[in-house]
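Before any questions on how it binds or moves, here is one chain, the form predicted on its own, in structure tokens.
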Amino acid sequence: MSDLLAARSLMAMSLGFHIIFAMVSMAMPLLMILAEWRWLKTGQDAYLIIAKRWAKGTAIFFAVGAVTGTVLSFQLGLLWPTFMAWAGPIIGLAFSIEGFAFFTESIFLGIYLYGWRKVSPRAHLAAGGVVALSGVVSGLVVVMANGWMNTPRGFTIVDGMPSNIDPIAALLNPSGLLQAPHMILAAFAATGFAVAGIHAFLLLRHPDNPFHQYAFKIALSVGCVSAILQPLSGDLLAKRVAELQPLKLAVFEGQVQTQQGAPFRMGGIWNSEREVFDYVLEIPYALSLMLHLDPYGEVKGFKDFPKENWPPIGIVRTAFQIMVLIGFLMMFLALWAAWLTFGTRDIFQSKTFLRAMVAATPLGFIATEIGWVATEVGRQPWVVVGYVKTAEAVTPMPGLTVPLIFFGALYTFLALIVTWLMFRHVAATPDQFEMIVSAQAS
């Protein structure tokens, strides 16, 4: 394995591992304050127990996310020194804001965890709100920094290096402004579906347990609203990618040749020898209509661009297709949930739907991981599009397979520990709830 491939693999592994914890840290605080708000409004202790249990789960994910995020900050400097020297002054503001949001989230999460009955109910709920807001801000600015790598702004080039830097313009780059809400919705949808899936599994065993019913409804509500909005956000983002990154969009959509009245393509296997997609299903004029609101609008093909700038076609196209498919599956489940809730009103009695939600538990996280593969591999061979190539940014230090193996083992160990902790945390919930209900009844 080359050092470049080892560095890219290590960075991808670290980001792929960290993003799960970052997503949960963004979305779970919203779930826990919704549960607490329902407790304050209704007085039902089941909501209080849900809020406390979810807060502890949030703390577990936040702690591991803080560790993996710290590792990532070191890896950026150690693995990609040229990139950091070139881009650091431009996107440094984003990471400064992220650091401030992280410390704010840490402080108020501590208040939320240990402030029960020590501060007023409104102050406690407000502390949870600050945790939720800080998590979202942290995610927003990091994704906007990533968007800058796709559509760099806020500087001019003097003697090969960026000058006249405007960090605000860089932060508010056109890709980041749409990538950020898309990612936040992904975090809410994925976490909402995952938590709902866990409680759906437990409802199949304890269908009349109000603890799981209330928790399921809160998580499902957040997940479903986000899953319905997510394709709309994706459509807006795709239109922006078509405008600013036509090569990436062409690969996403399997558009080989520039075409007016381009069809929307489903499936397909990239044939690198013939440079065509085999086994493709087409919907005539649909892609032009979606991108330009004109069935005869022109869509550029990736053959219009220098071949040395093509990303790995098969990987990017396949990842994008899987992400879109999962997104529509989650939207279908969200609409099914809405029909059961407002139409038949038997959502807890529908075992078919509950089993579907159990099966959908990991879908949002899978879609996010696959989506980042599509967008990051789709940017290759550039680390900063049009300015710095990935091969130019990597460290000259040899032997990068050693840290790759080490961190692979470390992440495996952390994953096992978190899985064990969360299994014990979730498994303890029904018994604890039953004990409290029995005590209240007596």
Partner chain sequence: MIELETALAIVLLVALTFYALMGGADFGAGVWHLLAHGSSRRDQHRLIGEALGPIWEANHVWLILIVTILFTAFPTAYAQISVTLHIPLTLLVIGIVLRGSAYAFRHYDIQDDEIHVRWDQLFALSSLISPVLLGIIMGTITAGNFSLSPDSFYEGYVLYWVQPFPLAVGILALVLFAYLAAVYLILETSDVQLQEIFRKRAIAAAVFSGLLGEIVFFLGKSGAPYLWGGLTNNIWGGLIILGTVGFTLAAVWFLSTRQYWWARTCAILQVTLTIWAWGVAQFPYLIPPYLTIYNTSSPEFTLQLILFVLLLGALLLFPALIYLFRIFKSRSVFGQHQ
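Keep in mind it's a predicted model, so treat the numbers as computed, not measured. Residue numbers count along the first chain shown, from 1.
One more form of this protein exists, namely the form predicted together with its partner chain; it is left out here, but the text below deals with it.
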Assert contact_stretch over 410-418, 25-33, 40-48, 374-382 against its partner chain in the predicted complex, heavy atom within 4.5 Å, equals 410-418
From 290, 97, 244, 177: within 4.5 Å of its partner chain in the predicted complex by heavy atoms is 97
Its partner chain in the predicted complex has a heavy atom of only one listed residue within 4.5 Å, and of 297, 234, 81, 311 that residue is 81
Query raised in the report: Can residue 389 be called a contact residue for its partner chain in the predicted complex at 4.5 Å between heavy atoms?
Result: no
(request) Evaluate residue 118 for contact with its partner chain in the predicted complex, applying a 4.5 angstroms cut-off between non-hydrogen atoms, and reply yes or no. (result) yes
In the predicted complex, does residue 259 come within 4.5 Å of its partner chain, counting heavy atoms only? no
Contact flag, residue 73 vs its partner chain in the predicted complex, heavy atom cut 4.5 Å
yes
(request) Give a yes or no on whether every one of 64, 92 and 406 sits within 4.5 angstroms of its partner chain in the predicted complex by heavy atom. (result) yes
Across 86-125, the residues having a non-hydrogen atom within 4.5 Å of its partner chain in the predicted complex turn out to be 88, 89, 92, 93, 95, 96, 97, 99, 100, 102, 103, 104, 106, 107, 108, 110, 111, 113, 114, 115, 118, 119, 123
